[in-house]
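Shown next as structure tokens: one chain only, the form predicted on its own.
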């Protein structure tokens, strides 16, 4: 088969969607299929098929779109900058996909609501589309609006309603919609009105051979000889709840000092989080390692994994931590309770609850037997559940059903 994996988001990029796409591409091509990867460039200047070197700069399309989307023709677009930004860029994707040519593919598999909506409008009728939802765009942005009331975007605002509607249209643009968790499926049905019979649930897979290869390659980071390492690999954004972890660490320091925390990743919250660390006198205890490509090796140097997010679906970081044999302290956001069983493979606390997270960290640092047992349980559970072969097999069967 010739397959197009398409996303509105940036590629290449350090993040779950890009990891999912490249894992899938490598495994499918090893089986004899041809796979192309379409998405936004890291500088937002163009859409490109990154593995073919094909691209279309947005500056070549923008004059045409500006004429077609002028205020006299589309006044509602110009009434809100957020709506205009996403709609203009969605049109960029539509025109780029049409320019590259979609009739050459046997199936198109989109990775987000914007790509699903855009490509469904320009693809040939005989080429089926599978829409995958890796998380809730509207949920993440709605949380952002709530946390930043100075933006003036409330539930009655056009941008709020737009994001909710695009979630529905994107999730219903394909012949079938895939999600990896029952939480995500229930949200699509309950909050966005997506028909239940259109949503298929099966979990991600992880290339464990690649994970262990990277783990064995090692890292230049050395753990302290007399302290345990708490690790949190994540994009430094509000939705990841890193501020919750830092607040918890501020309380933990009053109880014990036999730990350090490695925060791995970059993002728009870097300076704000560093100020929070400084304000809590944690500068020698919390290290920001920035963007790294040796996370498997860092996990092998660590003792406790944390993911105190506000919203997430089925993060690869949790999967990797389980393969590495680490107990996880996670929030009960999104699909995380489907990944971590409280008291068996980790400890689960309420969203935005630094007190509970402090207690859980203290418990694992205090009780080495419990910490190691949860880690062994997590490793066994991860090896059983995160099979990439199983995921790819189910996906190919779905492709064949949709094509048929």
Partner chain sequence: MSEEPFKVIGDLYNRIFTVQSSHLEVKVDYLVWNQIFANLPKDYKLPDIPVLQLDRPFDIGER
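Residue numbers count along the first chain shown, from 1. Owing to the predicted nature of the structure, the values given are computational and were not obtained by experimental measurement.
Absent from the display: the form predicted together with its partner chain. The rest refers to it.
**Q** Of the residues 287, 201, 74, 151, which one places a heavy atom within 4.5 Å of its partner chain in the predicted complex?
**A** By the 4.5 Å heavy-atom cutoff, the listed residue in contact is 74.
**Q** From the list 87, 303, 207, 243, which entry has a heavy atom within 4.5 Å of its partner chain in the predicted complex?
**A** Of 87, 303, 207, 243, the residue with a heavy atom within 4.5 Å of its partner chain in the predicted complex is 87.
**Q** Check for me: heavy atom within 4.5 Å of its partner chain in the predicted complex, for each of 221, 227 and 343, yes or no.
**A** Checking in the predicted complex: none of 221, 227 and 343 is within 4.5 Å of its partner chain.
**Q** Any of the heavy atoms of residue 98 lying within 4.5 Å of its partner chain in the predicted complex?
**A** Residue-level check for residue 98: yes, a contact with its partner chain.
**Q** Although its partner chain is absent from this view, report whether residue 165 comes within 4.5 Å of it in the predicted complex, heavy atoms only.
**A** Result yes; residue 165 sits at the interface with its partner chain in the predicted complex.
**Q** Test of understanding: in the predicted complex, would residue 117 fall inside 4.5 Å of its partner chain by heavy atoms?
**A** Output for residue 117 is yes: heavy atoms within 4.5 Å of its partner chain.
**Q** Taking heavy atoms and a 4.5 Å cut-off, does residue 123 contact its partner chain in the predicted complex?
**A** Judged by the heavy-atom cut-off of 4.5 Å, residue 123 is in contact with its partner chain in the predicted complex.
**Q** Only one of 360-368, 47-55, 32-40, 375-383 has heavy atoms within 4.5 Å of its partner chain in the predicted complex; I'd like to know which.
**A** Contact criterion met by 47-55 only.
**Q** If we check its partner chain in the predicted complex, which of the residues in 178-201 reach within 4.5 angstroms of it by a non-hydrogen atom?
**A** Counting only heavy atoms within 4.5 Å of its partner chain in the predicted complex, the contacting residues of 178-201 are 192, 195, 198.
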